[in-house]
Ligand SMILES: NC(=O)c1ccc[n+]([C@@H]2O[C@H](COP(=O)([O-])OP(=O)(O)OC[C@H]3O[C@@H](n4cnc5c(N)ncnc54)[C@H](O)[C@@H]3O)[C@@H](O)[C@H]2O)c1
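So this first bit is one chain, no partners, the form predicted alone, shown in structure tokens.
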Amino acid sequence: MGEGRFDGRRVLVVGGGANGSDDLSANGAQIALRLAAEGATVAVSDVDLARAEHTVAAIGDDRAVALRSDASSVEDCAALPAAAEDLVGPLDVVVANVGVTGGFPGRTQTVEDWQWVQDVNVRSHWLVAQAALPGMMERGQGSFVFVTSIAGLISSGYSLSYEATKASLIAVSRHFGVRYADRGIRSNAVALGVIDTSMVRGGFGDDPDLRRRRDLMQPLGRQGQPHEAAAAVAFLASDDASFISGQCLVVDGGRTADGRYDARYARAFGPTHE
């Protein structure tokens, strides 16, 4: 771990809440913990204030503050950076980590689901970045990291709205990373593959057979861990990535580079598995 990389830095982690005081496995919570461990003062936001407070308690109240912000609210998103700066000071880094899945393939995709997922997964991050940008430009430095998914690069065929928003978020990140680079602003995305979080386990099952099937989706033979997602975010947010902007770092155990997934699955579960 690069201790001290964020000494004196102020960071906002949008969607940084933990699942509970004894469950810090959420990606956002791990990101906040990692940045704080490397010296940052962290403002943690979540739609559920208690979740943000769990993360803050794990960091320590003198190093972090909790904020409630609803990613589906235009007003909340536009006001969030100023609210964070009132508590921790001018922001050096904004990590945008909120996401919802949606649940319809193209044939049955509803307008209501499409709009909700667009609002939370894309609009919220654009609005937060837009609101944080003027202060960063005035100070001549700043870094955005947008947490997206490999669903924006490859299709599972599960949720059209989710896939579309994750691709859109890469474009949002790229735009900020190019348009404002000459003002000292960097922006990058982290596209996560299958990460072993409580949300994934709750949504897709947690019995040993299902876990093994998720492991086999990656050439590395396992799912990623939230601390590995946090490490990638910390790298891109830090000065170690000072010449990187407008890029998307894929953190997926090799999945999107691999053409052998079906063969691995067939060897483990038989060729008739669907």
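Since the model is a prediction, treat every value here as computed from it, not as a measurement. The numbering used is simple: start at 1 and walk along the sequence shown.
Same protein, other form: the form predicted together with the named molecule, not shown, and the subject of what follows.
Exercise. Can you pick the stretch from 131 to 139, 81 to 89, 94 to 102, 178 to 186 whose heavy atoms fall within 4.5 Å of the named molecule in the predicted complex?
Worked result: One stretch meets the cut-off, namely 94 to 102.
Exercise. Are all three residues G17, V120 and V147 in contact with the named molecule in the predicted complex, where contact means a non-hydrogen atom within 4.5 Å?
Worked result: So, yes: the whole triplet contacts the named molecule.
Exercise. So in the predicted complex, does any heavy atom of I170 sit within 4.5 Å of the named molecule?
Worked result: No, I170 stays farther than 4.5 Å from the named molecule in the predicted complex.
Problem set entry | the named molecule contact at R51 in the predicted complex, heavy atom, 4.5 Å | Although the named molecule is absent here, R51 would touch it in the predicted complex, with heavy atoms inside 4.5 Å.
Exercise. Could you tell me if S238 has a non-hydrogen atom within 4.5 Å of the named molecule in the predicted complex?
Worked result: No, S238 sits far enough from the named molecule in the predicted complex that none of its heavy atoms falls within 4.5 Å.
For this session: Give a yes or no for V194: in the predicted complex, does one of its heavy atoms lie within 4.5 Å of a heavy atom belonging to the named molecule?
Result: Heavy-atom contact with the named molecule at 4.5 Å: present for V194.
Exercise. Using a 4.5 Å cut on heavy atoms, which of T41, Q218, S245, S69 is close to the named molecule in the predicted complex?
Worked result: Exactly one residue meets the criterion: S69.
Exercise. Counting only heavy atoms, which residues in 34 to 56 are within 4.5 Å of the named molecule in the predicted complex?
Worked result: D46, V47, R51 sit within 4.5 Å of the partner.
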